[in-house]
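Next comes just one chain, in structure tokens: the form predicted on its own.
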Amino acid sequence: MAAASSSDSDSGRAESSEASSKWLDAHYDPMANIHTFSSCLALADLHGDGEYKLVVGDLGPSGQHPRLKVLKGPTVLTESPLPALPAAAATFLMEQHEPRTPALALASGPCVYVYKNLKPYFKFTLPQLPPNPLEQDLWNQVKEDRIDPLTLKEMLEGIREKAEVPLSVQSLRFLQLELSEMEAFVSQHKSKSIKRQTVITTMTTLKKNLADEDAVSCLVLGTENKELLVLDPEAFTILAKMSLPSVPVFLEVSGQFDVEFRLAAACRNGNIYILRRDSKRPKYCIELSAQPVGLVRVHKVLVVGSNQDTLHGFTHKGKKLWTVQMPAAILTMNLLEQRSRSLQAVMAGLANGEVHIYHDKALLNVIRTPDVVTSLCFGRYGREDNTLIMTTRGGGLIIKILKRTAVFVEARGEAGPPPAQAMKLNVPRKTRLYVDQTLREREAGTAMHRTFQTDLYLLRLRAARAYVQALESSLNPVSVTAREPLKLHAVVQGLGPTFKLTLHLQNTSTARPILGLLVCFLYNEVLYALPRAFFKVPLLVPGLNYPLETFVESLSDKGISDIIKVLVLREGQSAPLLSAHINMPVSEGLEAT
């Protein structure tokens, strides 16, 4: 009976949690064999029949080639091999003609493969880069048999370490070979011309001239050569080229190419650069304290995930708005857009097997998965508008559907002002004097500001004059000349009538000693008496502090004190090197009779 009651309670708890969840479990296949990232997932109506399909740029498990997969529901519709690892996948409209079926663009290596109706349509290849002239000269010498392969390897290694222009793929492959394989490689490739080709690191789409959902879009490419390229959607020519200080890895765009647009690029140097239309260089720079692992634009806020397990919100001008600490490392990020409720949020897949959904810094929902999620995609799939597609580290596929009655509510304690901010303060009432002063400042604000500026300029002028006078008359206790680097300070001890005066003199130079200095005291002989008012200073070794002691006797019994001036001079010169004014204390002791 006890076992039966416990099983009934467990099943009831599972049913209640399922009922309280905002998601319906549509499909889970742990053996789907899909290995990809969020940038290589795309949802689109590829055939114009209203049935949205999932495009996957599959990296392929170990030992297998990467492939392009198209899924309809939980099954793979088509599958084709790729020549290199995919970097990004995107769907876009190329033209306004009917039928308006989107094209599929897949970035892989130095090429963008464009498909229409799942058939190859166009292949765009990045323009070649000029090779390193030193590398070109070396291969020309090899072609003429003027140097052997071993010498070629040594010289190429020297170029790779020092040259700013990287080596070509041919030279890099040659440097990886063993000595026995070099001869055959050189004889096979020495007649070929050197080609240096960059690769695509990231890709996204930008509306051409309209902001509509079904408007024509351009492709925006980020390359390993630290450049951003905007391609024409019909001719696939380069419309714009922009340079970056580092290699872009994540891109977010807003606006239209022909009107005005903003482009945010997260780069490998840990910075995010903001570019605008007609700007060849970044306009703003956001410096992060860690490497970015994801970049999502939510309305006008750039949400950045870092490898310090934090989410940051920035404006397009680089001002930080908020920061959220995550419970685990962020592995992937993407945008959740629920158009029926005008909601945009950020999805973050974490290393603890959870997917957190945030609106600004407010936590909306937490999804727990049986395996760590490596890619996320939200949108219309099949004929369901709000479908969440996730792939896991083990190659699994998870499909969830958002309930039509689901409403995301901000979790308490995650965002918003603290409770103390809602407490009403006991602010005193405004007095008549306060109101009169406010009116006077409002009416005479310009005149008051001018008076303040005039007084401020006069204060700066007097301070500058006093400083110049102190430099000219050597009234400062630190020497300002490089030939006599000295520092002086004095200490007075005692209650009186006899005081002990200690001068601390220091040579602040690094290696040169100073010789031939004199110390002179100037004082009122009616009030004070010194046994020696003038004496020589011994050799000053650099860095040491020399205490010079003497006694001062107060002659007045009326409680009067004065200033004693201390001058440090060079033999044969009348102008002091530095000086100090000592305010003598009032004598409190009685002279012994």
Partner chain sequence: MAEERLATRTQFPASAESQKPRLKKAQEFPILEKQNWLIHLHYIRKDYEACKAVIKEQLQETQGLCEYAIYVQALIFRLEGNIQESLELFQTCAVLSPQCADNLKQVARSLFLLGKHKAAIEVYNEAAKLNQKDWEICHNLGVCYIYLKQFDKAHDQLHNALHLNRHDLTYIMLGKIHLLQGDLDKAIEIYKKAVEFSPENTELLTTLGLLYLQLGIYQKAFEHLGNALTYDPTNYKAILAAGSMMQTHGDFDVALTKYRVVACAVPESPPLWNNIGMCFFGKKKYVAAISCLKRANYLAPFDWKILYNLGLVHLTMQQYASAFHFVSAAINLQPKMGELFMLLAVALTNLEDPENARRAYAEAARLDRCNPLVNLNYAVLLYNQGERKGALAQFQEMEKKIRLLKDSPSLEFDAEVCLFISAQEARWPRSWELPCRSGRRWSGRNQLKTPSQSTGALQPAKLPVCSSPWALTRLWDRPCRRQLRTGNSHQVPEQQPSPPSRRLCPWSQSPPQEHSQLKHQPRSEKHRSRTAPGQGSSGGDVAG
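On a predicted model such as this, the values are computed, not experimentally measured, just so you know. Take the two forms, superpose them, and find the largest set of C-alpha atoms that agree within 1.5 Å; that set is the rigid core. Positions refer to the first chain, counted from 1.
FYI, the form predicted together with the partner chain isn't displayed, but the following is about it.
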Using heavy atoms only and a 4.5 Å cut-off, determine which of E79, D232, E384, D309 is in contact with the partner chain in the model of the complex. D309
Since exactly one of K119, R404, H97, K162 fits, which has a heavy atom within 4.5 Å of the partner chain in the model of the complex? K162
Partner-proximal stretch of 251-259, 204-212, 504-512, 442-450 relative to the partner chain in the model of the complex, 4.5 angstroms, heavy atom: 442-450
Check F185 for me: does it contact the partner chain in the model of the complex (non-hydrogen atoms, 4.5 angstroms)? yes
Taking any heavy atom pair closer than or equal to 4.5 Å as contact, tell me whether T374 reaches the partner chain in the model of the complex. yes
Evaluate P428 for contact with the partner chain in the model of the complex, applying a 4.5 angstroms cut-off between non-hydrogen atoms, and reply yes or no. yes
Using heavy atoms and a 4.5 Å limit, would one call E287 a contact residue for the partner chain in the model of the complex? yes
Heavy atom contacts to the partner chain in the model of the complex at 4.5 Å, residues of 326-350 in sequence order: A329, L331, T332
Rigid core fit then F185 CA moved by 2 Å or more between this form and the one not shown: yes
Would you say E227 moves its Cα by 2 Å or more between this form and the one not shown, aligning on the core? no
Rigid core superposed: S375 CA moves 2 Å or more between this form and the one not shown: no
